[in-house]
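Below sits a lone chain in C-alpha coordinates, taken as the form predicted on its own.
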(Lines give C-alpha, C1' and ligand atoms only; values in the text may rest on other atoms or scores of the structure.)
Protein backbone atom coordinates (compact mmCIF):
# COMPACT_ATOMS: atom_id res chain seq x y z
CA UNK A 1 0.00 0.00 0.00
CA UNK A 2 1.29 3.46 -0.87
CA UNK A 3 2.46 5.91 1.78
CA UNK A 4 -0.52 8.19 2.63
CA UNK A 5 1.91 11.08 3.16
CA UNK A 6 3.05 11.00 -0.48
CA UNK A 7 0.27 12.78 -2.40
CA UNK A 8 2.63 13.09 -5.35
CA UNK A 9 1.98 9.43 -6.12
CA UNK A 10 -1.24 10.34 -7.91
CA UNK A 11 0.56 12.90 -10.01
CA UNK A 12 3.26 10.35 -10.80
CA UNK A 13 0.60 7.94 -12.04
CA UNK A 14 -0.64 10.58 -14.46
CA UNK A 15 2.86 11.40 -15.68
CA UNK A 16 2.88 14.81 -14.02
CA UNK A 17 6.10 14.43 -12.06
CA UNK A 18 6.46 14.89 -8.32
CA UNK A 19 4.47 18.06 -7.74
CA UNK A 20 3.85 18.33 -3.98
CA UNK A 21 1.94 21.47 -2.89
CA UNK A 22 2.72 23.01 0.50
CA UNK A 23 0.73 22.06 3.59
CA UNK A 24 -2.57 23.71 4.49
CA UNK A 25 -2.45 26.76 6.74
CA UNK A 26 -3.86 27.20 10.26
CA UNK A 27 -4.21 30.10 12.72
CA UNK A 28 -3.29 30.41 16.39
CA UNK A 29 -6.73 29.08 17.44
CA UNK A 30 -6.24 25.81 15.60
CA UNK A 31 -8.61 26.68 12.78
CA UNK A 32 -7.51 25.55 9.36
CA UNK A 33 -8.02 26.68 5.79
CA UNK A 34 -8.31 24.37 2.85
CA UNK A 35 -5.14 24.21 0.78
CA UNK A 36 -4.00 27.51 -0.83
CA UNK A 37 -4.00 25.92 -4.29
CA UNK A 38 -7.80 25.40 -4.06
CA UNK A 39 -8.76 28.54 -6.09
CA UNK A 40 -6.44 27.44 -8.90
CA UNK A 41 -8.02 23.96 -8.98
CA UNK A 42 -11.48 25.53 -9.26
CA UNK A 43 -10.26 27.84 -12.02
CA UNK A 44 -8.76 24.97 -14.03
CA UNK A 45 -11.91 22.87 -13.52
CA UNK A 46 -13.97 25.73 -14.98
CA UNK A 47 -11.97 25.84 -18.24
CA UNK A 48 -13.95 23.10 -20.06
CA UNK A 49 -17.18 24.98 -19.31
CA UNK A 50 -15.57 28.20 -20.53
CA UNK A 51 -14.47 26.50 -23.75
CA UNK A 52 -17.95 25.07 -24.30
CA UNK A 53 -19.53 28.49 -23.69
CA UNK A 54 -17.10 30.17 -26.09
CA UNK A 55 -17.76 27.70 -28.91
CA UNK A 56 -21.53 27.81 -28.42
CA UNK A 57 -21.67 31.60 -28.35
CA UNK A 58 -18.94 32.28 -30.96
CA UNK A 59 -19.14 29.14 -33.08
CA UNK A 60 -20.61 30.86 -36.14
CA UNK A 61 -18.18 33.77 -35.83
CA UNK A 62 -15.22 31.39 -35.60
CA UNK A 63 -16.18 29.76 -38.89
CA UNK A 64 -16.53 33.06 -40.76
CA UNK A 65 -13.84 35.32 -39.28
CA UNK A 66 -10.99 32.99 -38.30
CA UNK A 67 -8.06 33.99 -36.12
CA UNK A 68 -9.62 37.12 -34.63
CA UNK A 69 -12.66 35.26 -33.38
CA UNK A 70 -10.41 32.49 -32.13
CA UNK A 71 -8.46 34.96 -30.00
CA UNK A 72 -11.75 36.35 -28.76
CA UNK A 73 -12.85 32.88 -27.70
CA UNK A 74 -9.54 32.37 -25.90
CA UNK A 75 -10.08 35.67 -24.10
CA UNK A 76 -13.57 34.59 -23.03
CA UNK A 77 -12.18 31.32 -21.65
CA UNK A 78 -9.41 33.15 -19.76
CA UNK A 79 -11.86 35.66 -18.28
CA UNK A 80 -14.19 32.90 -17.11
CA UNK A 81 -11.26 31.05 -15.55
CA UNK A 82 -10.04 34.20 -13.78
CA UNK A 83 -13.53 35.03 -12.49
CA UNK A 84 -13.97 31.55 -11.07
CA UNK A 85 -10.48 31.64 -9.56
CA UNK A 86 -11.11 35.05 -7.99
CA UNK A 87 -14.43 34.03 -6.47
CA UNK A 88 -12.90 30.77 -5.23
CA UNK A 89 -10.11 32.75 -3.60
CA UNK A 90 -12.64 34.82 -1.64
CA UNK A 91 -14.46 31.62 -0.62
CA UNK A 92 -11.15 30.04 0.40
CA UNK A 93 -10.21 33.06 2.56
CA UNK A 94 -13.55 32.80 4.40
CA UNK A 95 -13.58 29.03 4.91
CA UNK A 96 -12.25 27.67 8.22
CA UNK A 97 -12.68 24.26 9.82
CA UNK A 98 -11.72 22.90 13.24
CA UNK A 99 -12.76 20.65 16.12
CA UNK A 100 -14.34 22.47 19.05
CA UNK A 101 -13.91 21.75 22.76
CA UNK A 102 -16.83 19.29 22.70
CA UNK A 103 -15.13 17.27 19.96
CA UNK A 104 -17.59 18.28 17.24
CA UNK A 105 -16.60 19.47 13.77
CA UNK A 106 -17.09 23.16 12.99
CA UNK A 107 -17.06 24.98 9.67
CA UNK A 108 -17.32 28.70 8.93
CA UNK A 109 -17.81 29.65 5.28
CA UNK A 110 -19.47 32.06 2.89
CA UNK A 111 -18.59 35.21 0.96
CA UNK A 112 -21.83 37.20 0.75
CA UNK A 113 -23.71 35.20 3.38
CA UNK A 114 -21.69 33.81 6.27
CA UNK A 115 -22.56 30.28 7.43
CA UNK A 116 -21.54 28.55 10.64
CA UNK A 117 -22.13 24.83 10.90
CA UNK A 118 -21.53 22.33 13.67
CA UNK A 119 -21.57 18.59 12.96
CA UNK A 120 -22.15 16.32 15.94
CA UNK A 121 -19.69 13.49 15.29
CA UNK A 122 -21.58 11.06 17.53
CA UNK A 123 -24.11 11.05 14.66
CA UNK A 124 -21.48 10.41 11.98
CA UNK A 125 -22.68 8.31 9.04
CA UNK A 126 -19.75 8.26 6.61
CA UNK A 127 -16.54 10.03 5.61
CA UNK A 128 -15.59 10.14 1.94
CA UNK A 129 -12.32 11.14 0.31
CA UNK A 130 -12.69 11.82 -3.42
CA UNK A 131 -10.33 12.99 -6.15
CA UNK A 132 -12.11 14.60 -9.11
CA UNK A 133 -10.13 14.56 -12.33
CA UNK A 134 -8.82 18.13 -12.15
CA UNK A 135 -8.01 17.80 -8.45
CA UNK A 136 -5.89 14.76 -9.29
CA UNK A 137 -3.75 16.92 -11.56
CA UNK A 138 -2.68 18.83 -8.46
CA UNK A 139 -2.56 15.75 -6.18
CA UNK A 140 -5.49 17.17 -4.21
CA UNK A 141 -8.63 15.60 -2.72
CA UNK A 142 -11.97 16.64 -1.27
CA UNK A 143 -13.39 15.36 2.01
CA UNK A 144 -17.13 14.89 2.57
CA UNK A 145 -18.42 14.35 6.11
CA UNK A 146 -21.97 13.06 6.55
CA UNK A 147 -23.96 13.05 9.79
CA UNK A 148 -27.52 11.97 10.46
CA UNK A 149 -30.00 14.78 10.11
CA UNK A 150 -31.57 17.10 7.58
CA UNK A 151 -30.48 20.38 6.01
CA UNK A 152 -26.82 21.09 6.73
CA UNK A 153 -25.91 17.51 7.58
CA UNK A 154 -23.08 17.40 5.06
CA UNK A 155 -19.79 19.28 4.84
CA UNK A 156 -17.58 19.14 1.76
CA UNK A 157 -14.05 20.51 2.05
CA UNK A 158 -12.30 21.37 -1.22
CA UNK A 159 -9.35 20.86 -1.47
CA UNK A 160 -6.71 19.25 0.77
CA UNK A 161 -3.57 17.32 -0.06
CA UNK A 162 -4.24 13.61 -0.21
CA UNK A 163 -2.24 13.09 2.99
CA UNK A 164 -4.17 15.83 4.83
CA UNK A 165 -7.49 14.43 3.57
CA UNK A 166 -6.68 10.97 4.86
CA UNK A 167 -5.46 12.38 8.17
CA UNK A 168 -8.67 14.39 8.59
CA UNK A 169 -10.78 11.35 7.75
CA UNK A 170 -8.90 9.31 10.37
CA UNK A 171 -9.32 11.98 13.03
CA UNK A 172 -13.05 12.36 12.33
CA UNK A 173 -13.58 8.61 12.53
CA UNK A 174 -11.51 8.32 15.72
CA UNK A 175 -13.40 11.13 17.46
CA UNK A 176 -16.75 9.70 16.31
CA UNK A 177 -15.75 6.31 17.72
CA UNK A 178 -14.94 7.86 21.09
CA UNK A 179 -11.17 7.62 20.71
CA UNK A 180 -8.59 10.36 21.01
CA UNK A 181 -7.44 12.47 18.10
CA UNK A 182 -4.01 10.83 18.33
CA UNK A 183 -5.42 7.41 17.36
CA UNK A 184 -4.03 7.80 13.81
CA UNK A 185 -5.13 6.07 10.64
CA UNK A 186 -6.52 2.60 11.28
CA UNK A 187 -4.90 -0.28 9.38
CA UNK A 188 -6.92 -2.04 6.72
CA UNK A 189 -7.05 -5.49 5.21
CA UNK A 190 -8.24 -6.03 1.60
CA UNK A 191 -11.33 -8.22 1.27
CA UNK A 192 -12.42 -8.22 -2.37
CA UNK A 193 -11.89 -6.38 -5.66
CA UNK A 194 -14.38 -6.48 -8.54
CA UNK A 195 -12.69 -7.66 -11.77
CA UNK A 196 -13.11 -5.22 -14.67
CA UNK A 197 -14.57 -7.95 -16.89
CA UNK A 198 -17.19 -8.95 -14.30
CA UNK A 199 -18.23 -5.32 -13.85
CA UNK A 200 -18.65 -4.78 -17.61
CA UNK A 201 -20.56 -8.04 -18.14
CA UNK A 202 -22.83 -7.42 -15.16
CA UNK A 203 -23.77 -3.94 -16.37
CA UNK A 204 -24.62 -5.25 -19.84
CA UNK A 205 -26.58 -8.20 -18.41
CA UNK A 206 -28.80 -6.21 -16.06
CA UNK A 207 -32.48 -6.74 -16.76
CA UNK A 208 -33.17 -3.09 -17.67
CA UNK A 209 -30.10 -2.77 -19.91
CA UNK A 210 -30.67 -6.10 -21.64
CA UNK A 211 -34.35 -5.25 -22.13
CA UNK A 212 -33.54 -1.87 -23.69
CA UNK A 213 -30.96 -3.40 -26.01
CA UNK A 214 -33.45 -6.09 -27.07
CA UNK A 215 -36.08 -3.40 -27.67
CA UNK A 216 -33.52 -1.51 -29.77
CA UNK A 217 -32.99 -4.55 -31.99
CA UNK A 218 -36.76 -5.05 -32.40
CA UNK A 219 -37.30 -1.38 -33.29
CA UNK A 220 -34.41 -1.49 -35.77
CA UNK A 221 -35.73 -4.61 -37.51
CA UNK A 222 -39.24 -3.13 -37.71
CA UNK A 223 -37.92 0.20 -39.03
CA UNK A 224 -35.57 -1.56 -41.49
CA UNK A 225 -38.49 -3.52 -42.95
CA UNK A 226 -40.37 -0.25 -43.52
CA UNK A 227 -37.65 2.31 -44.31
CA UNK A 228 -34.62 0.20 -45.21
CA UNK A 229 -31.21 1.19 -43.84
CA UNK A 230 -32.63 4.47 -42.63
CA UNK A 231 -33.45 2.53 -39.47
CA UNK A 232 -29.79 2.74 -38.47
CA UNK A 233 -30.44 6.25 -37.16
CA UNK A 234 -33.22 4.98 -34.90
CA UNK A 235 -30.96 2.20 -33.61
CA UNK A 236 -28.21 4.68 -32.79
CA UNK A 237 -30.69 6.80 -30.82
CA UNK A 238 -32.50 4.07 -28.87
CA UNK A 239 -29.43 1.89 -28.35
CA UNK A 240 -27.22 4.79 -27.33
CA UNK A 241 -29.08 5.44 -24.07
CA UNK A 242 -28.44 2.04 -22.40
CA UNK A 243 -24.85 1.96 -23.69
CA UNK A 244 -24.26 5.44 -22.25
CA UNK A 245 -25.62 4.28 -18.88
CA UNK A 246 -23.32 1.23 -18.95
CA UNK A 247 -20.24 3.32 -19.82
CA UNK A 248 -21.06 5.89 -17.13
CA UNK A 249 -21.44 3.27 -14.39
CA UNK A 250 -18.35 1.38 -15.57
CA UNK A 251 -16.26 4.54 -15.22
CA UNK A 252 -17.81 5.33 -11.83
CA UNK A 253 -17.26 1.87 -10.28
CA UNK A 254 -14.03 0.96 -12.09
CA UNK A 255 -11.54 -0.80 -9.83
CA UNK A 256 -14.10 -1.19 -7.02
CA UNK A 257 -12.43 -2.74 -3.99
CA UNK A 258 -13.45 -3.27 -0.38
CA UNK A 259 -11.15 -3.35 2.65
CA UNK A 260 -11.88 -3.80 6.34
CA UNK A 261 -10.50 -1.71 9.18
CA UNK A 262 -11.52 -0.87 12.76
CA UNK A 263 -13.18 2.24 11.27
CA UNK A 264 -15.52 0.07 9.19
CA UNK A 265 -15.56 -0.96 5.55
CA UNK A 266 -13.51 1.18 3.16
CA UNK A 267 -14.73 1.36 -0.41
CA UNK A 268 -12.45 2.63 -3.18
CA UNK A 269 -13.58 3.06 -6.77
CA UNK A 270 -13.59 5.32 -9.80
CA UNK A 271 -11.63 5.98 -13.00
CA UNK A 272 -12.01 9.67 -13.87
CA UNK A 273 -13.06 10.52 -10.31
CA UNK A 274 -11.60 8.32 -7.58
CA UNK A 275 -13.55 7.99 -4.32
CA UNK A 276 -12.74 6.51 -0.94
CA UNK A 277 -15.79 5.95 1.24
CA UNK A 278 -15.66 4.74 4.84
CA UNK A 279 -18.81 3.14 6.24
CA UNK A 280 -18.52 3.10 10.06
CA UNK A 281 -19.86 0.07 11.97
CA UNK A 282 -23.49 0.30 13.03
CA UNK A 283 -24.29 3.14 10.62
CA UNK A 284 -25.95 1.08 7.89
CA UNK A 285 -29.69 1.79 7.81
CA UNK A 286 -30.84 -0.86 5.32
CA UNK A 287 -29.35 -3.26 2.78
CA UNK A 288 -30.75 -4.86 -0.36
CA UNK A 289 -29.52 -7.80 -2.43
CA UNK A 290 -30.41 -7.31 -6.12
CA UNK A 291 -30.28 -10.33 -8.45
CA UNK A 292 -31.23 -9.69 -12.12
CA UNK A 293 -32.39 -12.65 -14.20
CA UNK A 294 -29.28 -12.97 -16.39
CA UNK A 295 -26.94 -12.80 -13.37
CA UNK A 296 -28.21 -16.06 -11.88
CA UNK A 297 -26.13 -18.29 -14.14
CA UNK A 298 -23.03 -16.78 -12.49
CA UNK A 299 -24.56 -16.54 -9.01
CA UNK A 300 -23.99 -12.76 -8.90
CA UNK A 301 -25.75 -10.15 -6.77
CA UNK A 302 -25.45 -6.39 -6.22
CA UNK A 303 -25.65 -4.98 -2.69
CA UNK A 304 -27.27 -1.57 -2.27
CA UNK A 305 -27.27 0.29 1.02
CA UNK A 306 -29.01 3.18 2.76
CA UNK A 307 -26.77 5.43 4.84
CA UNK A 308 -28.34 8.48 6.47
CA UNK A 309 -27.54 11.63 4.49
CA UNK A 310 -25.38 9.91 1.86
CA UNK A 311 -28.15 9.46 -0.71
CA UNK A 312 -29.23 13.13 -0.76
CA UNK A 313 -27.81 15.89 -2.90
CA UNK A 314 -27.30 19.45 -1.68
CA UNK A 315 -30.96 20.35 -2.24
CA UNK A 316 -32.28 17.34 -0.39
CA UNK A 317 -33.16 15.30 -3.47
CA UNK A 318 -31.92 11.86 -4.34
CA UNK A 319 -28.59 11.21 -6.03
CA UNK A 320 -26.70 8.15 -7.29
CA UNK A 321 -27.29 4.97 -5.34
CA UNK A 322 -24.81 3.91 -2.69
CA UNK A 323 -23.41 0.41 -3.17
CA UNK A 324 -21.62 -1.91 -0.81
CA UNK A 325 -20.43 -3.75 -3.92
CA UNK A 326 -21.65 -3.43 -7.55
CA UNK A 327 -21.39 -7.16 -8.36
CA UNK A 328 -20.08 -10.21 -6.50
CA UNK A 329 -20.82 -13.91 -5.97
CA UNK A 330 -23.58 -14.36 -3.42
CA UNK A 331 -21.33 -15.86 -0.76
CA UNK A 332 -18.94 -12.88 -1.01
CA UNK A 333 -21.83 -10.41 -0.82
CA UNK A 334 -23.31 -12.13 2.24
CA UNK A 335 -19.90 -12.05 3.94
CA UNK A 336 -19.64 -8.29 3.35
CA UNK A 337 -23.11 -7.68 4.72
CA UNK A 338 -22.36 -9.73 7.82
CA UNK A 339 -19.39 -7.45 8.50
CA UNK A 340 -21.65 -4.39 8.75
CA UNK A 341 -24.61 -6.28 10.25
CA UNK A 342 -22.94 -8.76 12.64
CA UNK A 343 -24.98 -11.84 13.44
CA UNK A 344 -27.08 -11.69 10.27
CA UNK A 345 -28.23 -15.18 9.28
CA UNK A 346 -30.46 -15.13 6.21
CA UNK A 347 -30.62 -18.92 6.01
CA UNK A 348 -32.40 -19.23 9.36
CA UNK A 349 -35.17 -16.75 8.56
CA UNK A 350 -38.71 -18.10 8.52
CA UNK A 351 -40.52 -16.50 5.59
CA UNK A 352 -44.24 -15.64 5.70
CA UNK A 353 -45.50 -15.58 2.13
CA UNK A 354 -48.31 -13.66 0.51
CA UNK A 355 -51.58 -15.64 0.23
CA UNK A 356 -52.50 -17.30 -3.09
CA UNK A 357 -55.13 -14.64 -3.83
CA UNK A 358 -52.27 -12.13 -4.18
CA UNK A 359 -51.76 -13.55 -7.69
CA UNK A 360 -54.67 -11.37 -8.84
CA UNK A 361 -52.82 -8.28 -7.64
CA UNK A 362 -49.27 -9.30 -8.66
CA UNK A 363 -49.54 -12.15 -11.18
CA UNK A 364 -45.80 -12.24 -12.02
CA UNK A 365 -44.12 -11.94 -8.63
CA UNK A 366 -46.71 -13.13 -6.11
CA UNK A 367 -44.81 -16.36 -5.32
CA UNK A 368 -41.75 -14.30 -4.30
CA UNK A 369 -43.59 -11.90 -1.98
CA UNK A 370 -42.77 -12.59 1.67
CA UNK A 371 -41.66 -11.07 4.98
CA UNK A 372 -39.44 -12.43 7.76
CA UNK A 373 -37.82 -11.25 10.98
CA UNK A 374 -35.69 -12.38 13.86
CA UNK A 375 -34.34 -10.74 17.01
CA UNK A 376 -32.25 -8.15 15.15
CA UNK A 377 -33.59 -7.55 11.62
CA UNK A 378 -36.70 -7.27 9.45
CA UNK A 379 -36.49 -8.67 5.91
CA UNK A 380 -38.71 -8.58 2.84
CA UNK A 381 -38.41 -10.05 -0.61
CA UNK A 382 -40.09 -9.31 -3.93
CA UNK A 383 -39.49 -9.48 -7.69
CA UNK A 384 -39.55 -12.35 -10.15
CA UNK A 385 -37.42 -11.12 -13.06
CA UNK A 386 -35.12 -9.09 -10.82
CA UNK A 387 -35.17 -10.57 -7.33
CA UNK A 388 -34.79 -8.21 -4.38
CA UNK A 389 -34.18 -9.08 -0.75
CA UNK A 390 -34.14 -6.10 1.64
CA UNK A 391 -32.89 -6.16 5.23
CA UNK A 392 -33.29 -3.53 7.96
CA UNK A 393 -32.07 -3.67 11.58
CA UNK A 394 -34.94 -3.09 13.99
CA UNK A 395 -33.09 -0.16 15.58
CA UNK A 396 -32.92 1.63 12.21
CA UNK A 397 -36.69 1.62 11.60
CA UNK A 398 -37.85 5.22 11.16
CA UNK A 399 -41.58 4.49 10.96
CA UNK A 400 -44.00 1.72 10.02
CA UNK A 401 -46.94 2.06 7.62
CA UNK A 402 -49.72 -0.15 6.28
CA UNK A 403 -51.17 0.76 2.89
CA UNK A 404 -54.17 -0.69 1.10
CA UNK A 405 -55.15 0.31 -2.41
CA UNK A 406 -58.60 -0.29 -3.98
CA UNK A 407 -57.53 -3.56 -5.58
CA UNK A 408 -55.95 -4.77 -2.35
CA UNK A 409 -59.12 -3.90 -0.40
CA UNK A 410 -61.17 -5.97 -2.82
CA UNK A 411 -58.85 -8.95 -2.18
CA UNK A 412 -58.51 -8.28 1.59
CA UNK A 413 -54.79 -7.63 1.15
CA UNK A 414 -52.47 -4.92 2.51
CA UNK A 415 -48.81 -3.93 2.27
CA UNK A 416 -46.55 -3.18 5.25
CA UNK A 417 -43.72 -0.64 4.83
CA UNK A 418 -40.81 -0.13 7.21
CA UNK A 419 -39.43 3.32 6.41
CA UNK A 420 -35.69 3.95 6.31
CA UNK A 421 -33.59 7.04 5.64
CA UNK A 422 -33.56 8.29 2.00
CA UNK A 423 -31.79 5.85 -0.26
CA UNK A 424 -32.24 3.13 -2.88
CA UNK A 425 -33.42 0.41 -0.46
CA UNK A 426 -37.13 0.00 0.20
CA UNK A 427 -38.24 -2.52 2.84
CA UNK A 428 -41.83 -3.42 1.97
CA UNK A 429 -43.84 -6.58 2.49
CA UNK A 430 -46.28 -6.39 -0.42
CA UNK A 431 -49.81 -7.78 -0.72
CA UNK A 432 -50.02 -9.75 2.53
CA UNK A 433 -53.24 -10.81 4.21
CA UNK A 434 -54.65 -7.55 5.61
CA UNK A 435 -54.99 -8.74 9.21
CA UNK A 436 -51.52 -10.29 9.14
CA UNK A 437 -49.96 -7.12 7.63
CA UNK A 438 -51.36 -4.97 10.46
CA UNK A 439 -50.14 -7.47 13.02
CA UNK A 440 -46.62 -7.44 11.54
CA UNK A 441 -46.63 -3.63 11.52
CA UNK A 442 -47.63 -3.42 15.19
CA UNK A 443 -45.04 -6.00 16.18
CA UNK A 444 -42.33 -4.23 14.15
CA UNK A 445 -43.07 -0.90 15.83
CA UNK A 446 -42.63 -2.59 19.22
CA UNK A 447 -39.43 -4.36 18.12
CA UNK A 448 -38.00 -1.08 16.81
CA UNK A 449 -38.79 0.77 20.05
CA UNK A 450 -37.12 -1.94 22.13
CA UNK A 451 -34.08 -2.12 19.81
CA UNK A 452 -33.51 1.65 19.91
CA UNK A 453 -33.52 1.55 23.70
CA UNK A 454 -30.68 -0.99 23.77
CA UNK A 455 -28.70 0.26 20.75
CA UNK A 456 -25.00 0.87 21.56
CA UNK A 457 -23.64 1.50 18.06
CA UNK A 458 -23.01 5.25 18.47
CA UNK A 459 -19.59 4.77 20.10
CA UNK A 460 -18.63 1.56 18.36
CA UNK A 461 -14.95 1.54 19.36
CA UNK A 462 -15.87 1.77 23.06
CA UNK A 463 -18.80 -0.63 22.92
CA UNK A 464 -16.72 -3.39 21.38
CA UNK A 465 -18.77 -3.68 18.21
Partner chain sequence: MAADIAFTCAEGWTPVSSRLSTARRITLLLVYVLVAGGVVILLLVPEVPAWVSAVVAAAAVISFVWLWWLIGRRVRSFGYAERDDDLLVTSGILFRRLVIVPYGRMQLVDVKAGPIDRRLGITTVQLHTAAATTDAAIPGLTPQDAVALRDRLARRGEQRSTGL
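None of the values given here were measured: they were computed from a predicted structure. Positions refer to the first chain, counted from 1.
The following text describes the form predicted together with its partner chain, which does not appear among the structures shown.
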Output flag, 111, 117 and 276 jointly within 4.5 Å of its partner chain in the predicted bound form, heavy atom basis: no
Non-hydrogen atom contact residue 123 with its partner chain in the predicted bound form at 4.5 angstroms: yes
Contact test in the predicted bound form: residue 130 vs its partner chain, heavy atoms, 4.5 Å: no
Residue contact check: residue 422 to its partner chain in the predicted bound form, 4.5 Å heavy atom: yes
Contact flag, residue 397 vs its partner chain in the predicted bound form, heavy atom cut 4.5 Å: yes
Its partner chain: the contacting residue among 148, 344, 191, 91 in the predicted bound form [heavy atom, 4.5 Å]: 148
Option touching its partner chain, based on a heavy atom within 4.5 Å in the predicted bound form, out of 37, 46, 428, 434: 434
Stretch 398-425: residues contacting its partner chain in the predicted bound form, 4.5 Å heavy atom cut-off: 398, 399, 400, 401, 402, 403, 404, 405, 406, 409, 412, 419, 420, 421, 422
